[in-house]
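The data below hold one chain only, encoded as structure tokens and taken in the form predicted on its own.
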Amino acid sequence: MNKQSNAWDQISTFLYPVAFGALFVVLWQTGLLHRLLGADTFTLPLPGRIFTIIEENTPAIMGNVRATLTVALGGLALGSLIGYLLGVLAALFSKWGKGGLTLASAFNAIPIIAIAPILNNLTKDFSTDANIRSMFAKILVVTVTSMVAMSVNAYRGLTELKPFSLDLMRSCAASGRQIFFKLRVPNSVPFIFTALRVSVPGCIISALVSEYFAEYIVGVGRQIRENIVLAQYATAWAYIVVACAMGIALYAALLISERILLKGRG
């Protein structure tokens, strides 16, 4: 009975959101959503029109997707690495660690829309190539937004050890290096994935917002802005759908990786 209940719970967690999404699309395509919102098909195009635009402009869209993914994944990797190193420093120097991470967490209170233009101006002398300057500034924005979640969770993983595990290692005459690499680092792995669950959707949002203010006109976020300015709402919605698909795909890949790598850890 418990196995059947657990199986149904796993199915229902997937089935209910899909059913709700399908119902939403049906209401949208049939025009009932427009009546409820008082909208028209110019500013809120039908899904059929949006997917037609995606199909007809696939090469151009994929070029912008690659640019956005480069920014998002590059910033995510760099921010996660720096964040983990900050967590390590905070764990090694616990006297200042908590205070330092508290100050680092203050970056989360700064809106991305404020960070992006500032970093864009600060990196104007980084290169004479506008594409390189723009890419560097956008990656920095994602790096800053990804760094804090990783640093806080890495610190927790390195310090919140299982009961008596540290005493057991010390009773076996383990050195500080052995305790760090054989106990603290393995214990921090689940916390890394906890941080990535926050950072992966955030890196897509940060990349999209940073592209609004970027000097070089490329990327999904920039195309959303440009098409809205030109009143090409159907094309803008096509890029919005693509941005949502990117976020869902990356998050799904993260969950699959977590399940594979943490299999058997409970």
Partner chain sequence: MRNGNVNWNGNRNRLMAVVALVLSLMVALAAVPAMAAGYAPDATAETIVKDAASQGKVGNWGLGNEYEVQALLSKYGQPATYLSQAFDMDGFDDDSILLASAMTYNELGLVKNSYQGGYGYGDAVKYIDMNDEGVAMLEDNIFTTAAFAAANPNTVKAFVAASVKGWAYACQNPAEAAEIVYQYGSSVSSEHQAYMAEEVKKLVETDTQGNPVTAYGKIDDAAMQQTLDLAKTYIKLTDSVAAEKLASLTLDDIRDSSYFDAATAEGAVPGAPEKTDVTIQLKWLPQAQFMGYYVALSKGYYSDAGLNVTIVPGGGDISETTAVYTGQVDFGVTWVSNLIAANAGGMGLTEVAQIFQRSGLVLVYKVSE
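Given the structure is predicted, the values throughout are model-derived calculations rather than measurements. Numbering follows the first chain given and starts at 1.
Keep in mind that the form predicted together with its partner chain is missing from the display, and what follows is about it.
With the partner left out here, its partner chain still marks one of 207-215, 66-74, 25-33, 193-201 in the predicted complex; by a 4.5 Å heavy atom cut-off that stretch is 207-215. By the 4.5 Å heavy atom rule, the three marked residues Glu56, Ala130 and Arg225 all count as contacting its partner chain in the predicted complex.
Put simply, Lys182 is far from its partner chain in the predicted complex: not one heavy atom of it is within 4.5 Å. The shortest heavy atom separation between Lys98 and its partner chain in the predicted complex exceeds 4.5 Å. Of the heavy atoms in Leu230, some are within 4.5 Å of its partner chain in the predicted complex. Its partner chain is not drawn, but in the predicted complex it has a heavy atom within 4.5 Å of Lys124.
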